[in-house]
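Structure 1 and structure 2, given next as structure tokens, are two forms of the same protein chain, each shown alone.
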Structure 1
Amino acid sequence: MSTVDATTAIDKGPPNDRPGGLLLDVRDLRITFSTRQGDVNAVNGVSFDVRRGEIVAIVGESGCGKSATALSLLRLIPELPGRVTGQILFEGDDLYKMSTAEIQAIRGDRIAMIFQEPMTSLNPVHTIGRQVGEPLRVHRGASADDALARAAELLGGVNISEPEIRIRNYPHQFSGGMRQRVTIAMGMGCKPDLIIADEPTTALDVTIQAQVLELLCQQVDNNHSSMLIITHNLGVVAQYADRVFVMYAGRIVESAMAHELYSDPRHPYTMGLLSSVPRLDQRATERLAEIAGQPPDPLKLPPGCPFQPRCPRAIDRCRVEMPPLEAVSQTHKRACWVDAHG
């Protein structure tokens, strides 16, 4: 076992104009799912932190463990196939040492989760209004009527038209993007300290996406709360995030301030990612640039750097030894043996 992310040390560097107390601190998180084929190592030693008032983004390959990381923050990884180790400190308290009642009091109230696939968090047999109002009833003791009225307000906030009528609909009567907005409204109800948003805007068109993200950012600003946003949309990252973590095969391979990542990516995977983005401000080419090859099988990760089989710059060392996450500047780290520049 190579010593990878010994990066538990908190980099206290980045200039941040907002109060930067540590809100969430994740240390050496590992998540394993046991399946019939063997153990799937979904997350392999991830450490990161989120400061108060900050918007942190996680980007990365499909299946690299982003959602698993997010779910583990609220102890939502099912016990049966899943195993979580490491420390998750929320305001200094280890979430995994709390009682069930304590963690339930935090879920949906202090930390809200916006799930990747809206249908997983919506109950098909209850009305939208009831479900959006639910956290308010549970955590704020709101009456059924108050909760419903507030639900309509929240839905209006995420641009659902005629919310007073729409609260009587069931999830299947909403479009994909509307359901996604419902889960966002649900997450914002209790004004949480930390919003974990797992691909919150994938099903939204650009204008509504912009409005919804704006709304989320306003919440962050107004309540001095923070947001951990997982997204594939590098445009969204560029526009809204303060810091970015790039994940690959269950590891963080690069972390940087958002602008640094775009101007000076240091990991070959990040570079590949940035060059695969289809952009409107460039001419369309025949084929989109892809990163050649397939992501590694989490059942049998290659020795050395997990990106090595696909990496255009790989050297011999990459095949045998895992690169540690090393600082290239005060705010910028990457895990790569080659001193690569974009």
Structure 2
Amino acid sequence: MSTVDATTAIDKGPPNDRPGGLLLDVRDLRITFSTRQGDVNAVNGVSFDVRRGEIVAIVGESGCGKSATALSLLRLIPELPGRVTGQILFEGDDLYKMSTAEIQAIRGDRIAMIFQEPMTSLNPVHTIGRQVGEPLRVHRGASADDALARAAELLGGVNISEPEIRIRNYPHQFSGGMRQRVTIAMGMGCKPDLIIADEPTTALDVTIQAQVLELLCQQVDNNHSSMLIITHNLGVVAQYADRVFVMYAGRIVESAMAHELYSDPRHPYTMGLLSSVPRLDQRATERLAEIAGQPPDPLKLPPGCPFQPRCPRAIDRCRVEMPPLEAVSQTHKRACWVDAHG
């Protein structure tokens, strides 16, 4: 777990003025997987957007639907056993109405994805240079020599020393942190409009986590890109995200500008996540708070609010009726029947 101080987002004030026009618009996304035990509703009516130049975070525990949401954005959910409904609009064009050739032209070029485990996302039998240069060959028509030279530049840009030599190495010759830098270089090669970073720091130690996130944000700024960060840890996005969406059991339960979410969380689940993040002002002997219980079985979701079996504030209405996602301010929404300030 990251030791990034969750108070950082409060101290830094309002987000900057980078965000521009709408880039990605996800509307009522639903993802269902058919299993022998029945249908699993991994994502239930999720809606969010990403604006140009903006960094947006989706956070939540493992199994809440974050990664399924990320994969669906590039149509990487297999048609069997998966079913995806809703709309995913990229600059107004529905990605699910595009042909296979059209979506392949976007993947790795205008939308790039950085996966959480670089050892499995990098091909062990190809050199680093070939893999980093592949998007340039596919989408830019670069020759093998030009792609290799550009790959060396990209590796240097993510602070890998002696890039002209390292492009001839294989993934197993790199550490975990270096492999993640390689995937960032690969993703940024075509200067995409949108970077999807799916748990980019999960396999890394705390120090490397901060370095990788800082590097990602620098690349986004340098290339005038937008970024969607998928993570289970609110702490790692405290000082980077402009907006945050909190997911639980396949639904968004709270959304707000980052500084607003950290300074004034309104959903009990968000409060629990924030309480579990180590703080710089916390005594070494003080135990971290925890959220009691486990996330619900997606095959046996409880009636009403899915968080109510674990919620210390639950009332009778929570056990029978699903709360809608409603505005508590112009930029802040939550799905809860109980007033957090009550």
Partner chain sequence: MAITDVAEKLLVPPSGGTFAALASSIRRHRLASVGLIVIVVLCLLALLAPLIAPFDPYHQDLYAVLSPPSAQHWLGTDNLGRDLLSRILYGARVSLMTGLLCTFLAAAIGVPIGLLAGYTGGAMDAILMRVTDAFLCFPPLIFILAMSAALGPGLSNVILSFALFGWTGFARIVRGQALLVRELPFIEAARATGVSRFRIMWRHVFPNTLAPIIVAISITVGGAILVESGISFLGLGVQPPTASWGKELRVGFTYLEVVPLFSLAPGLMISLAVLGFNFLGDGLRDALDPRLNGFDR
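Only the largest set of C-alpha atoms that superpose within 1.5 Å between the two forms is called the rigid core. For numbering, take structure 1's sequence and count from 1. Source: prediction; values computed, not measured.
- Here the form predicted on its own appears as structure 2, and structure 1 shows the other form of the same chain.
- A movement of the C-alpha atom of residue 232 reaching 2 angstroms or beyond is seen between the two structures when the two forms are aligned on their rigid core.
- For residue 148, the Cα coordinates differ by under 2 angstroms between the two structures after the core has been superposed.
- Core-superposed comparison between the two structures: the C-alpha position of residue 38 differs by no less than 2 Å.
- Summarising the core-aligned comparison between the two structures, the C-alpha atom of residue 212 is found to shift 4.1 Å.
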